[in-house]
Ligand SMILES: Nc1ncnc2c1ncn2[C@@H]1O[C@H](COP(=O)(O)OP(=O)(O)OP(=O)(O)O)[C@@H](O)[C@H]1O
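Take a look at this one chain, the form predicted on its own, written out in structure tokens.
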Amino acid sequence: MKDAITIRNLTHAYGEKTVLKGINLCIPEGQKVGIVGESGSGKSTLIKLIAGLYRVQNGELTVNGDTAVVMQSLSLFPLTIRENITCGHNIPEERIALAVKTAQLEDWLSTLPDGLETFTGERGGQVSGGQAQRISIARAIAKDAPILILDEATSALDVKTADRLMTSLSAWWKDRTVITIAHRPEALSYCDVIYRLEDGVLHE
């Protein structure tokens, strides 16, 4: 089994402040990885580097395959729910339907007169934080990438809804590589391995 992600001696700094200190990590294809840590420990920086949102400063980072990312600080486009899921790509209707179902959006959409064609408003102002998170998750599912990254992706949901969503997701992602960031270790029960990021250093 080859690695989906390989990280060697990865260091990252913002000005004089070093937030990642010599990170080494190999994630095999299909592995489910959890990363916990306090705010400011470097979790989001590590995720953004893996997702290609930040440039690598020092060290090596190899990602074998496309990534789909759901960030904690998400924002929707001032478009319809469908357009927020597809992002302008020509995605088959059955994949959109699967994304909606897996992201637990079906019940809510059934209450909207325009369903998927409902306008989300400026910066998603017409939907709640939890609904926006599930739309973003549906977007990631519809992308159908082999690597899924979740950064506190259920933080705006109540515990019962979050648990139901994670159960649905875990049935969908099967052989995909998944990296999940969370404050609470108990939110990572489905993971094969959990790492703790503390003061920029990764511990298993």
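Since the model is a prediction, treat every value here as computed from it, not as a measurement. One-based numbering along the sequence shown.
Here the subject shifts to the form predicted in complex with this ligand, a form of this protein not shown in this document.
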The one option of 158, 66, 38, 60 with any heavy atom within 4.5 Å of this ligand in the predicted bound form is 38
With the cut-off set at 4.5 Å between non-hydrogen atoms, does residue 19 touch this ligand in the predicted bound form? yes
Should residue 31 be counted as a contact of this ligand in the predicted bound form, where contact means heavy atoms within 4.5 Å? no
So in the predicted bound form, does any heavy atom of residue 84 sit within 4.5 Å of this ligand? no
Taking heavy atoms only, is residue 120 within 4.5 angstroms of this ligand in the predicted bound form? no
Among the candidate stretches 169-177, 141-149, 23-31, 39-47, which one is within 4.5 Å of this ligand in the predicted bound form when only heavy atoms are counted? 39-47
Residues of stretch 148-164 in contact with this ligand in the predicted bound form (4.5 Å, non-hydrogen atom): none
